[in-house]
Structure formats: structure tokens, C-alpha cells
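Before any questions on binding or motion, here is one chain by itself as C-alpha cells, the form predicted alone.
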Amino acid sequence: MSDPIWDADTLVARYDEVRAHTETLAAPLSPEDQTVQSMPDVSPTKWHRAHVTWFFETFVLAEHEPSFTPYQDQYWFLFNSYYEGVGPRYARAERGFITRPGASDVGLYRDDVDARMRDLVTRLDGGTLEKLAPTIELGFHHEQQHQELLLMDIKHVLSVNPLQPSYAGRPLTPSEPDPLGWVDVEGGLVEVGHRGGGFGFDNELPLHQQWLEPYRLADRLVTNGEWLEFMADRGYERHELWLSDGWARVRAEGWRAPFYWTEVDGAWFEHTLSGTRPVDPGLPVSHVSHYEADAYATWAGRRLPTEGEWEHAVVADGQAEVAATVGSNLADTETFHPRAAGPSTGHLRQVHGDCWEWTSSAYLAYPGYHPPAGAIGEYNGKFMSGQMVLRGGCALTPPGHARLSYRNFFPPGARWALSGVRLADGSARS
């Protein structure tokens, strides 16, 4: 959904801005870097660059360009992600086998589609442009999602390289954990969902009411230092802390620390996009699964918030607008890693950026939700099974993409995403 009315010049300018940022993110990477697929969940960089281009070619040019012909017939097979309504697609887990087209060929594909998109938008009459603009804007936010995924994925690619190369980002100054505080929230009958006034994905609709009992939210994210305490208390060895499926994963995969942590001679190190360095106790713990987040909350005698509690707490705390929130750590800071919370203010800290925050809410449709018609309707709705909701954005989220009602989602065992933990407690009165 979208509220703004775009004119051709503004739409083209935004298109160029979004598309250029993807190329900026890919620029530090060699063609070899861009081809590797280090695990099934990770897609090669050049695949991300091509797929977001395929999106514009498929959903905009193919529908509206006079005498349309695809740039290359087989690209529709190679770079379709999951849109059954568009046609067959190459297996996700085998994207690393696509050595051709190469990274430079993908650049030529992007250039061709970019030129045709600019030409199309500038030639459309006002009525057609108004109808098409929401799809193009969806393409902007789709590409921004893949900008974040590109960074998450190359982080894993570089982590398995024995030379431990860095990508980018500035190392953070060592920090010490500060005391955890709490923010009381009254609850009641509250509104949850997209409120208008800008772009929102269909899964953020409709705006609806939920009843919340009084509760409180931790004023910052759980830190590495606190997670080390959980580990020292045998948190990964105590079945009573874990959901059944989570405990099965712990045993099957040998989990004993967050995803990018490695123990060397009794000391823990963490892989980041700016290199591998000792674990900083004052930074937020990251790259933990929902299973780990839930186990930690149980160990701490707390729980994870529901997504409705998270959203209402941010509104009640006066931080509904991301742009107005001081200290947000999104990708524009170019740390590409969560930062320490900073001094306590009596308000929620780290709500926009740093880490996507696991909630206890399953990813399901809001009451009254209906997916859009056609292949675009496959964007969100068909994934509403076996996933958990995360809120808030992370240090890899592009500016202009995070918002209050954004519902990210991953399977509960996912660890490669930049995810962290904020605790909740049952009642503001307790």
C-alpha cells in the first residue's frame, strides 16, 4: 500500500537512488565474492542484483512496455525467487552454481532495465502512472529488503573464508554493559498495524485493535555480557529452558554460543562485516535464533514481547516515527553492526535499528487481511506458516525502509539474520 502521489520526475529520481545504492553495496566485492553461496539460506550477491532487476522487468516492463521482450529469456527462470504465478524457477539452494551470467553481465542487465524503466515512466500519461506507481514503489522496498539480505548473506560468505576477510564498516569502541531498566506500559485497547502516511507491505494491514494487559518492556537489548552469563550457567546444556524443537536443534547442530561466535584458547571472538574481534560485553547479542531468544528469556525469568506489545510500547514511548528517533542505528551509520545502548533515558532504547527483535508472535494474517490479486499476492501471504515475527529493523536496514509497523519474519531456527533480544515482563503493576 502507498499514500504518496508520485510524478514522473520524483519516481525516476527515487528509482535511481535505490538502484544506485545496491551497486554501492556490491562495489567492495570481487566477481568471485559475488558468486559464492555458502549455505542454502544465503544467495550470491550477483543473484540479489539480478533478482531485484527481474522484479521490475516482470511486474512493470512486461505489463506496460510497448512491444516488450525480455532482456534474456532464461533470466526469468534463473532469477525468479518464489513466484509460482510467473513460471518455473531455479532451485534456491543451487544459486551458487550459476557461474554465468557473471557479475559484469548482471551489471549490463541492470543497465538495460534501468534505461527502459526511465523511458517508460517518463512516457506514461498521468492516469497510467498513478495506477502503476504503487507497483514501482513496492519494487523500491523489495530492493531495499534485498540490500539488507545482500549484507547478511555476504557476512556469512566471508565468515567461512579461512582468511577471515572484512567487507566494510567501522570497528566500534569497546563498551561496558549498563544496568537493564524497564518501561511500564498501561496496555488496554490499542491499534496495531499500518496507520497510513507512507508505504507499507500488505502484511501490515489492516489496522486493527488488540487488547493488551499491563506489561513492561526492557529499555534496551540483551547484551553479549549478559549472554555470556547465560552460557556460563550452562544455558545451552539445560533442556528445561528450551522449547522442544529448539532443544532438538541445539543437540542436532551442537549450538553452544551465538551464530558468529568462535572460542579460541578460552576467549570468545565474533565475526562482523568489519572483521573478527573479541566479543564486546557491552554490545547487543546478535545472530541468535528465536529458540535461543526464548530460552534466554526463560532463564532470565522473563519472556519475549508479542508484536502488538512491541508496537504499542514504541507508540506509547513517543518513538513511532523512525526519522524522529535519536540514535537509530540503521545502515546509514555504516557501522553494519549493533551498537551499545548509550546512557539510560527512562525511555526505550535501540527500538529502530541495531538488531531485529524476536517477538513471541507467530507470523499470521491480521484480522481481515486479504493478499493482493495476481502473482504480487505471493509476496507475503503464502509464508504465513512456520515463521516468527521480528520488529524494529537492524544495523543493515537501509534508511527509509524501517517503520513502526514493519513485520519481518524468519523461521524460529534462523540465526544468520541480524536478530537480537528484548525482554518483556508480565505486568506493569507486578
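Counting begins at 1, following the sequence as shown. Quick caveat: nothing in here was measured; it's all calculated off a predicted structure.
Another form, the form predicted in complex with another copy of the chain, is not on view; read the next lines as being about it.
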Is Leu61 one of the residues lying within 4.5 Å of another copy of the chain in the predicted bound form, judged by heavy atom distances?
-> no
Flag Val36 as yes or no: does it have a non-hydrogen atom within 4.5 angstroms of any non-hydrogen atom of another copy of the chain in the predicted bound form?
-> yes
Interface membership of Gly126, another copy of the chain in the predicted bound form, 4.5 Å heavy atom rule | no
Another copy of the chain contact in the predicted bound form: Pro31, any heavy atom under 4.5 Å = yes
The stretch from 174-182, 274-282, 139-147, 355-363 that lies within 4.5 Å of another copy of the chain in the predicted bound form, judged by heavy atoms, is 355-363
Please pick, from Ala103, Val121, Ala257, Ala300, the one residue with any non-hydrogen atom lying within 4.5 angstroms of another copy of the chain in the predicted bound form.
-> Ala103
Go through Ala252, Ala232, Val264, Leu189 and name the one with a heavy atom inside 4.5 Å of another copy of the chain in the predicted bound form.
-> Leu189
Mind checking whether each of Val18, Gly197 and Ser344 has a heavy atom within 4.5 Å of another copy of the chain in the predicted bound form?
-> no
Could you run down 245-267 and flag each residue that has a heavy atom within 4.5 Å of another copy of the chain in the predicted bound form?
-> Asp245, Trp247, Arg251
